[in-house]
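Have a look below at one chain only, the form predicted on its own, in structure tokens format.
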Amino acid sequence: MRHLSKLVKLWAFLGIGITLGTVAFIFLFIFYEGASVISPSFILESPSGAILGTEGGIFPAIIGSLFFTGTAVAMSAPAAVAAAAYITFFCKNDRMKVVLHSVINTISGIPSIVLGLFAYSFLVKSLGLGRCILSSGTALAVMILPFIEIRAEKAFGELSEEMIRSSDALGCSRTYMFLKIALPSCKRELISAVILGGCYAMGATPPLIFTGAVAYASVPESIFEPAMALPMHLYLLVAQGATSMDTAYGTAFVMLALILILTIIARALGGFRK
């Protein structure tokens, strides 16, 4: 039994080492390949030149990605948290919970390219919104809604049963308990879930292709206009081939760095209860 315990620990440490090593290798490889283009001007300037990626920088793509991500989070987070709260605190019908979980799981399994097709057909064409941040943000919002809901429901489910029973015993309504006890207690975990959902949206390309992302655009001023986005910009650079690969690696590194920073913030917030 002692040898088996040591073997399991060795296996666990080996798995952690391989995971961390793989992530470090990806970052170092991408940074090494794109180091020649990474500079303040690359981050703060707009793209220029006859061929995309040969001159200028990616600043509009960075701001555009933040617009796309912010729109998606603003649309999906309230609905996801509300759904998680209803399932956890207000729904008394077990069959209804099964149905809701089935719907959420089904949404999570929809390919992102299908969501992009939906946004293009319904929002861009049928409703006449055109290619804009709102159209893309809606597709991204549907994509990340289950991601946030599952984590929010887990956070609510980890609340102390004694706390909830004490609230009921004092005659507090479930609405009061949710607003005054559950939300403040789970605040960090909910913010963490929303940030991670934003990271998920920031790296998605298919929902943007025909709905709002473009090759060249200035910094957006509203959600009713198209914009550049880092994943779309990276896709176009790689599609061009060898002439833009250095810029592609530089763009990939900036995007990974943004996602890594946001993920670290999310994990730091989610790791502590107030």
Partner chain sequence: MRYLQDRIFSFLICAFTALSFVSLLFVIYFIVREAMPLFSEVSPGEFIFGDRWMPIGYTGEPSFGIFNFIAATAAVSFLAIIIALFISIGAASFLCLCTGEGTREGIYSVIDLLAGIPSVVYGFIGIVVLLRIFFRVGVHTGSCVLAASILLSIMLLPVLISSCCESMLRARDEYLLPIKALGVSEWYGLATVIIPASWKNILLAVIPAVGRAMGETMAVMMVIGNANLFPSLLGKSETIPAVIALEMGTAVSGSTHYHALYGAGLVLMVMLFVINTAISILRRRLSRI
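Just so we're on the same page, rigid core means the largest C-alpha set that superposes within 1.5 Å between forms. Positions refer to the first chain, counted from 1. Everything numeric in this text was worked out from a predicted model, so none of it was measured.
The next section is about a form of this same protein that is not shown, the form predicted together with the partner chain.
In summary, the region of this chain contacting the partner chain in the predicted complex, judged by heavy atoms within 4.5 Å and restricted to 213 to 221, 228 to 236, 40 to 48, 63 to 71, corresponds to 228 to 236. In the predicted complex, Phe29 approaches the partner chain with a heavy atom inside 4.5 Å. A residue is said to contact a partner when one of its heavy atoms sits within 4.5 Å of a partner heavy atom; Thr54 fails this definition for the partner chain in the predicted complex, lying far away. Proximity of Leu117 to the partner chain in the predicted complex falls within the 4.5 Å heavy atom cutoff. Of the heavy atoms in Ile259, some are within 4.5 Å of the partner chain in the predicted complex. Each of Ala82, Ala85 and Leu100 places at least one heavy atom within 4.5 Å of the partner chain in the predicted complex.
Residues Gly203, Thr205, Pro206, Ile209, Phe210 of 193 to 213 are found to place at least one heavy atom within 4.5 Å of the partner chain in the predicted complex. Relative to the superposed core, Gly34 shifts its CA atom by 2 Å or more between the shown form and the other one.
A movement of the C-alpha atom of Ala24 reaching 2 angstroms or beyond is seen between the shown form and the other one when the two forms are aligned on their rigid core. When the rigid core is held fixed, the Cα atom of Leu10 travels 2 angstroms or more between the shown form and the other one.
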